[in-house]
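Given next, in structure tokens, is a single chain: the form predicted alone.
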């Protein structure tokens, strides 16, 4: 790619280093609208249970790491203890999550999805996987790899460490 008037040639990666404010703003707007699309299907499902996105995120991460502690879930979700307790109380009362006392430290509470919780998680994740699968297929493998790199660079370092602890394919 050649810069106008300079005669210099840049690879596509180098030219991205010089995005204008308008181009960055369009990227931010694309993230906002993509997030709306990404959450629309699960929101419709959650509405049937009078749940919100906080419930969805808790269910997702309990599924990803069965036996995770409440304190670790607090770190991952970045919410207050009061907010998470409200969400967990509802999920436990509705029979979607089971809280077990820690074997080594009885003060810890380990979280597991019940069979009903696993069914709801599957319904929620299938909706999102379908949308992601179609977008990835249409964008192509290079775009998928680039998109993931961009997302990881947007994450705060602590969140990136949490993200990297989750294994591929599990």
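Residue numbers count along the first chain shown, from 1. On a predicted model such as this, the values are computed, not experimentally measured, just so you know.
Although it is not shown, the form predicted together with the DNA is what the next lines describe.
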Using heavy atoms only and a 4.5 Å cut-off, determine which of 45, 127, 70, 135 is in contact with the DNA in the predicted bound form.
-> 70
Answer yes if any heavy atom of residue 78 is within 4.5 Å of a heavy atom of the DNA in the predicted bound form; otherwise answer no.
-> yes
Classify residue 53 as contacting or not contacting the DNA in the predicted bound form by the rule of any non-hydrogen atom within 4.5 angstroms, answering yes or no.
-> yes
Any of the heavy atoms of residue 119 lying within 4.5 Å of the DNA in the predicted bound form?
-> no
With heavy atoms only and a cut-off of 4.5 Å, decide whether residue 57 touches the DNA in the predicted bound form.
-> yes
Pick from 105 to 113, 137 to 145, 23 to 31, 119 to 127: which stretch has non-hydrogen atoms within 4.5 Å of the DNA in the predicted bound form?
-> 105 to 113
Which of the residues spanning 74 to 89 lie within 4.5 Å of the DNA in the predicted bound form, based on heavy atoms?
-> 78, 79, 80, 81, 82, 83, 85, 86, 89
